[in-house]
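The chain below stands alone and is given as structure tokens, in the form predicted alone.
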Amino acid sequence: MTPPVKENDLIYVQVEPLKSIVTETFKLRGCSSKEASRIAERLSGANLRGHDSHGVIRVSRYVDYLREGKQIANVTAEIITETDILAVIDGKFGFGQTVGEQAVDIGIKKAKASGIAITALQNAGHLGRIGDWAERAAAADLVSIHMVNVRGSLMVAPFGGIDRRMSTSPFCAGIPLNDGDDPIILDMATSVVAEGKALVALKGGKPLPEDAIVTETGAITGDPKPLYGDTKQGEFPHPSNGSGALRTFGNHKGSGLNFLMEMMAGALTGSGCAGTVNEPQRRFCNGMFSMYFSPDAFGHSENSFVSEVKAYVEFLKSSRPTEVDGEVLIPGEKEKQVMVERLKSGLPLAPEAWEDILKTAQEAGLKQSNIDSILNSQ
């Protein structure tokens, strides 16, 4: 196993030892072995696909959430309202990697039995990369749609506004190709970038687009600092400390879609919207409104749905690329390409982000000798 390598001002860490370090960190912080492994698998999996914003850079923040009681270890989600095709589920502020998986499995079971299903997950800890949940449904041969909001997270300004009134509110959908091919996954924040990408940029990683942030004076910038404000030495940056805000993608279109996520994942699930006039700072949690559909329930003959999807993909990709040697990609295709590359080269981390992970592991009680052994194991 190749130990971490520094190249082009980044640290490249192989995924398996990184997962081991993260797993041990959360075990030492009170998570069960299964939950700790699940967290490590989901976070590193986000990095593998290029979603660094929802990857291991969040280890330190998750530990802070656990210590502060914002997220709770080893929770079993509870169904509080149920019919044959609907389940309203209380995540009880458990880790999203755990209660999110439980909620998705409830939806899968109902859709397999009835052809369609809806789940409304409330009070979940940070759900991580939402594409994980669409992939899980697709593995069960189900189409799925997921709408997510973040209660208590005011980071995004609405179109035409400066003040924070929204969360990053991701939207995700998955299309199964049930013949051994990877599913088609659309997974995106409704802001120009997810907050985690701003954190990656702040820590020395990939820069932000120049229209990602609006400052308190209304100026548009790609500098992540207005989102976080001044951070004291040894303190982990927090987006609530800044006076700037993230912007929605596509101006009014992204802002409208963000609003819809609040209505469906916040208001309809009962989890609560990002904030209100009377309660601007709410307890942090994710809400997720999910729909599951079995293609068989729509009267498709064997493989007719998949055949139609593949035929359209072929037609779409036949469009001439705008750039020489360019390629027209379908949703999720870039992530697959990144995964192939990063399984070989390792996960690229800014040095400060890597140091945060190691420091968090050491503070949890993982000895440097154990870390060295993990990183240098063959």
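One-based numbering along the sequence shown. Keep in mind the model is a prediction, meaning the values are calculated, not measured.
Only in words, not in the display: the form predicted together with nicotinamide-adenine-dinucleotide (NAD), which the text now covers.
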| field | Candidate from R342, H51, R42, R61 lying within 4.5 Å of nicotinamide-adenine-dinucleotide (NAD) in the model of the complex - any heavy atom | value | H51
| request: Report the residue, out of K334, K70, R29, K310, that has at least one non-hydrogen atom within 4.5 angstroms of nicotinamide-adenine-dinucleotide (NAD) in the model of the complex. | output: K334
| Going by a heavy atom distance of 4.5 Å, is E262 a contact of nicotinamide-adenine-dinucleotide (NAD) in the model of the complex? | no
| With the cut-off set at 4.5 Å between non-hydrogen atoms, does E135 touch nicotinamide-adenine-dinucleotide (NAD) in the model of the complex? | no
| query | Quick one: is V150 in contact with nicotinamide-adenine-dinucleotide (NAD) in the model of the complex, heavy atoms, 4.5 Å cut-off? | reply | yes
| query | With a 4.5 Å heavy atom cut-off, would you call A194 a contact of nicotinamide-adenine-dinucleotide (NAD) in the model of the complex? | reply | yes
| Since the chain is shown here on its own, which stretch among 52-60, 348-356, 33-41, 317-325 would lie within 4.5 Å of nicotinamide-adenine-dinucleotide (NAD) in the model of the complex, judged by heavy atoms? | 52-60
| remark: Of the residues spanning 163-188, the ones with some heavy atom within 4.5 Å of nicotinamide-adenine-dinucleotide (NAD) in the model of the complex are T168, P170, I185, L186, D187, M188
